[in-house]
Every structure is written in C-alpha cells, then in structure tokens.
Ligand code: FUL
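Before any questions on binding or motion, here is one chain by itself as structure tokens, the form predicted alone.
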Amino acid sequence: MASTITAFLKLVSSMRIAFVTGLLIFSAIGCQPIDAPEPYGALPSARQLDWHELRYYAFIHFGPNTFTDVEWGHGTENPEVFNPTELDARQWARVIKEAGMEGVIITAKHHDGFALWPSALSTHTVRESAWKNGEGDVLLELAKACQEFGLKFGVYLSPWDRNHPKYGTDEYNDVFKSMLKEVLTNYGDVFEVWFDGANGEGPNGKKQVYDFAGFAEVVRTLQPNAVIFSDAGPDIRWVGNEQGYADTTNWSTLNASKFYPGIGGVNDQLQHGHEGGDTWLPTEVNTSIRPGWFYHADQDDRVKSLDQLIDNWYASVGMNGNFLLNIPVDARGLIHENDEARLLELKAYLDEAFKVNLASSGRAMATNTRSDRFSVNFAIDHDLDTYWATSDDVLEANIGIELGSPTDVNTILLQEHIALGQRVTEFTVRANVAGNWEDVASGTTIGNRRIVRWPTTKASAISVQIRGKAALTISNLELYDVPDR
C-alpha cells in the first residue's frame, strides 16, 4: 500500500497541486466555512432531477398496427381489428419489473389516431373495438398494474391523427388538448409525456399546425411533476437516432430556442447537445428490442442479442442518458416469450456486473478539496446529495481510490453533482499497476452518469484526472470488475 500511495503522490507532485485526503487544510484557507460552488450554466429543474435518478424503462407500442402487421397505420382501419385474446397488463408489469426496469411508457395514441382508452373526443378507440365488447380500457389496466408492481406510468400521444375529421383545422388542437386532459386526469400519476413530432396529412388531406406550447401547458397544469419529451423538450430531448446510442460527448444542455418537435437535420446536435447551451435538456436514448416498433410475428427470431442490449445499456445509461427500450406487445396482448427471456438475460448480466463496488472498501484521495464540507469521501458515500468539490480556482484535479492490494478492475462510474450544472470537459483514468501509473481510459463529458470500460487491469489504485469549466464536483465514483464479453 505504501508504494502505491507514494506513486499517487508523485503523480500529484507532477501536477504541482497539494495532496489532500479529504481533510480541510486550515493553514491554507483559514477556519471560516467554505460555501458550496456557485451554480454553473443552465441548471436542471426539480422534475428533471427526479428523472435523472432513473436509468432504464420500457416503451410499449401496441394498437391496431399490432393486428394489421404495419408500423404506421392509415387511420382507415376498422377499429374492430383491435382484439387481443389474452391481454394481461399484469404480465407486462411483472416482466418489466423483473427485468429491472423502473417504469413504462405506452403508445396511448399513435399516428393512426386509435386511442387505447374510450376517449369522448374520438370514434376510433377501444370503445369501438371487438376487445371486451367495447368495454375495455388499456390505459386503466396498465396504470393499475404499474401501481401494483411499483412502476412509473407514462404515456405517448402522437398529435398526428390520420383518422380524426378535425385534424388539419383550427379546432383540432383543442381536440388534442382535451384528449390529453382525459389521459392526464383519469389514470393517476404520470411520470413522462412523450410527444412525437411526426406531422403528416389527415383524412382531409391537410396537415396540422401543432400548438405544442398549449399541449405543454395542459401537462404542466394536470401533471406538474411529469417530464415532457420531444426534440425540443421542454424537459428531455431525443438522442437523434433510434439505434440506442448516445455519443461519447453528451452535454445535458442545448440552445433550445432553435429547436422544435419534429425538426429535421439536427441529429448530430441532438446526440452531442451544446456545450454552454442555454437550457438544461438531457437525452433519452430509445431503441426497440426488435427491428420494428410494433409486434410482427416474423420478427420473433430477430430479438436483439444479449451483447447488443448490453452495448445499448452502456451507450445510454453509461453515456449521460436514460435508456428507453421498446417491447412490442403481441397480438395475444402479451410480451412475447423471446423478448422476456432476453430481458431477463440482460438483468442477470447487470446484476453480476455491478454486484461489488470496489470503491466502497477503498480509500478515497484527491489533489484538492474545497473544504471538509466537500470531502473526497463524499464521492464514495452512496449519497448523491453529498459530493466532493474543488476550490473555485482549481479547474483540474485528480480523484483516486486506493484499493489496498492488486485488484482486477475494468469499469468506472462517475457522476457530477448536476444540481449545480454540468462542467467536466475531459477526464483520464489511470491505473497503478506494479507501482507504475498507466492510462487505461479517457473521455470528455460526464454529466449525470458516465460509465467507462477498459481491458481488465490488476491495479492497486485508480486515479481520475478531471478538467472542467468551473470548480469540479463529483457526487459518485464507483469501480467494478464487470464480466468480459
């Protein structure tokens, strides 16, 4: 251990920064309490901070398309085609819960205009279907199942409606707001409202000018804690692709005034965000477990492999985003056995990979500490409300973990204290191997959560050199030896 600490001190000395183990150096800064770092840049709201605590939840695409074998319905389908023979929302909730997911968002109304609840504003709903002789309500059954299994409940509503006769007229925006009101008042708490920006022609051949500001106002009034998703937020943004990958540089901030739902040609900006952006607008990373979003029987043997899902998980949860994985319910009204099996395989992998946090039994060290109120030990105390912070004039510092003896390690999880903003621009991970420091990984942004992997190294200490745009804050640092695949 002594040799490792000596090596760490040499590393620190090379940076010409005083070595601190999390204790306040009173001789340098006096005995007065040190205030927290000033907030930097755009900041998250309370509802956004709650959303950031999530990691992984389900998307469910379900509707007439499930029975007509298409992805985008035309709105001319006979509503009686919707007739699941074994619909069991409790099965959905059980599978989602057992898969380690935290909630579900369902396509309450897709582009075809079919409503999964008996809306008073439409004649294209479950009320007109053959299912339960028109007496059913999918949203009600799922909301009850979510409550039973401790899952968050969210809804997707497409403003595009290829069936409603008012679509393309001034009256339609009020129709859609009234539909929103039905969904947001009759099914309990809603954690997310997902707006698709698709805008095509309705049955009268006209397109609609959407009142997204008015739609958002309805959500804010009826479900003030719900986050709103679209290409422009206002709470969370699309990642810019449907393959399930955030980029390695992923700012939670965006110059949002230049964006709107359905905007095209800005996918790269959505993936990266904007450094110094004026609005906190973090990424949700979506993909489907199958090639399609709705269920198709000929895709039963095309469920994503375990390695593909693992890759998606690291590229979303581990890239400063949340992972929204679509699981299309089949024509029976059930999550298919193949999808369930793969979801449970992913859960087993994640449980094994993140079972032992090596940092918990290590000794935390840092090259600068703002004061004892922001000790380096707060980076490993399992409390995201506490954090290590540097002095205002220190924009580059090292934080490290002494492991005690050579230990297999290949993964680090880092989290900034994002309540004060996102500020890290670059970091390098170093491992002490037989007394020598070796660079093993590097990255740019951290934000809410960054997970980085490297080939397994037997290290006696891990150090992270961090650079940022303001005083550094790290609320969580974890180390793992995840299974190699």
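Quick caveat: nothing in here was measured; it's all calculated off a predicted structure. Heads up: residue numbers just count along the shown sequence, starting at 1.
Keep in mind the form predicted together with this ligand is missing from the figure; the text below concerns it.
Screening 446-454, 39-47, 59-67, 429-437 for residues having heavy atoms within 4.5 Å of this ligand in the predicted bound form returns a single hit, 59-67. Between this ligand and the residues N312, N286, T369, N163, the one pair within 4.5 Å by heavy atoms in the predicted bound form involves N286. Scanning Y156, Y187, Y172, Y245 against this ligand in the predicted bound form with a 4.5 Å heavy atom cut-off leaves one residue, Y156. Using a 4.5 angstroms limit between non-hydrogen atoms, E141 is distant from this ligand in the predicted bound form. Using a 4.5 angstroms threshold between heavy atoms, H110 counts as touching this ligand in the predicted bound form.
At the 4.5 Å threshold, heavy atoms of D196 reach this ligand in the predicted bound form.
Put simply, F354 is far from this ligand in the predicted bound form: not one heavy atom of it is within 4.5 Å.
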